[in-house]
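Consider the single chain below, provided in structure tokens and representing the form predicted alone.
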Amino acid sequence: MDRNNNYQSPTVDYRLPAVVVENVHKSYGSVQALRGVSFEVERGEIFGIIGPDGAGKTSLFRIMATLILAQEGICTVDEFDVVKDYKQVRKRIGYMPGRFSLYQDMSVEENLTFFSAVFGTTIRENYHLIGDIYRQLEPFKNRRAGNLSGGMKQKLALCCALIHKPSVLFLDEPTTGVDPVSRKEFWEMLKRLQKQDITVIVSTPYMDEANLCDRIALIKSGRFMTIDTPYNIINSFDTPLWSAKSDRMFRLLGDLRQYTAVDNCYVSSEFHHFTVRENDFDPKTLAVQLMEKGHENIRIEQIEPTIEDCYMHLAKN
């Protein structure tokens, strides 16, 4: 399929936002998946949509990728309406769904050749876009896609989404279920793509990946709670944050929540994090009360917030 052709990558106006979403609503029966979502993504950004499963991320991505219709609202990509101009939008986007959706009985090379042909281009023509990624796949180019590891499936799906040189790349939870090394490699690839003037919109349930984005939106139950840079969101955390640990972590969570000064308490890795209602909160008094309830090896200290803490704080308010 590596024949010469007249394929031309879509031209874009770099002065205008890459994606505009205005007041988008989406329901499935009585379930409201999206409730008035609005945002803009600047050209060349890595924009992250951060939230747990069921928050509405996939519905939003499928609307932006012209796969489903919103009940209300407007969405444009490169100024083209995703409903009226869906054919133009599809030429301009690359889409990588959360679930691996390539042809599992076809080889790596066959999948990539097929998607090249769909867009009227060739692997050779846009190899500069996928070269760094494809070189890792090349030893397995004759292997069926269904027999690849999770990390290699991820790389193949990204190659297929990039082969026509899209101006905007939609990645719906691309690192879910992938090992930590592959996750790190994937984000390094996104940073390199950004340097090639590709706008990236990526969703993830992993709060630590938020810091790798230029801006993020924190989504809960179909609504954006805030949109800003990770730095600004963390700096806006307006209450002291504490962590606690003891030899009875399951019981500790309930005991902390019963303590009158504790406002919000939740599990975070090997510690429990909590905020307090009183400015004169005394950790020594809390430690004494926990000891009286049978806890030992108690550790309580004030800490700096992370994106996860900001999410939990906003979700409670």
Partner chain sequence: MSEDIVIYTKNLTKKFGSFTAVDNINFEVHRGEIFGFLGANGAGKTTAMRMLCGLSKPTSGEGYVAGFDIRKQPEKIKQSIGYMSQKFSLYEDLKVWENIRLYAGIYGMKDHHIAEKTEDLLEKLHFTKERNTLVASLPLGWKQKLAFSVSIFHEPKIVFLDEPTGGVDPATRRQFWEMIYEAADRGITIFVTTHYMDEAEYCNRVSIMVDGRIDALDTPHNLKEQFNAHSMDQVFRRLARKAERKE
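Here the structure is a predicted model, which is why all the values come from computation and not from measurement. Numbering follows the first chain given and starts at 1. For clarity, a rigid core is taken as the largest C-alpha set superposing within 1.5 Å between two forms.
Just so it is clear, the following notes concern the form predicted in complex with its partner chain, a form of the same protein that is not shown.
### Query
Residues in which of 179 to 187, 75 to 83, 110 to 118, 228 to 236 have heavy atoms within 4.5 Å of its partner chain in the model of the complex?
The contacting stretch here is 179 to 187.
### Query
Quick one: of Ala287, Ala261, Leu67, Leu253, which gets a non-hydrogen atom within 4.5 angstroms of its partner chain in the model of the complex?
Answer to the contact question: Leu253.
### Message
Is it true that Pro52, Val267 and Tyr311, all three, sit within 4.5 Å of its partner chain in the model of the complex, judged by heavy atoms?
### Response
Checked in the model of the complex: all three residues contact its partner chain.
### Task
Classify Gln71 as contacting or not contacting its partner chain in the model of the complex by the rule of any non-hydrogen atom within 4.5 angstroms, answering yes or no.
Contact check for Gln71: no, nothing within 4.5 Å of its partner chain in the model of the complex.
### Query
Is there a non-hydrogen atom of Met207 within 4.5 angstroms of a non-hydrogen atom of its partner chain in the model of the complex?
Met207: contacts its partner chain in the model of the complex.
#### Entry: Close approach of Ser149 to its partner chain in the model of the complex, 4.5 Å, heavy atom
Flag for Ser149 set to yes.
### Task
Consider His164 of the chain shown here, and say whether it contacts its partner chain in the model of the complex, taking contact as heavy atoms within 4.5 Å.
Residue-level check for His164: no, no contact with its partner chain.
### Task
Once the core is aligned, please say if the CA of Thr58 is shifted by at least 2 angstroms between the shown form and the other one.
After core superposition, the displacement of the Thr58 C-alpha between the shown form and the other one stays below 2 Å, so no.
### Task
For Phe281, state whether the C-alpha moves by 2 Å or more between the shown form and the other one after rigid core superposition.
No; that C-alpha moves by less than 2 Å between the shown form and the other one.
### Query
On a core-based superposition, does Val267 travel 2 Å or more at its Cα between the shown form and the other one?
After core superposition, the displacement of the Val267 C-alpha between the shown form and the other one reaches the 2 Å mark, so yes.
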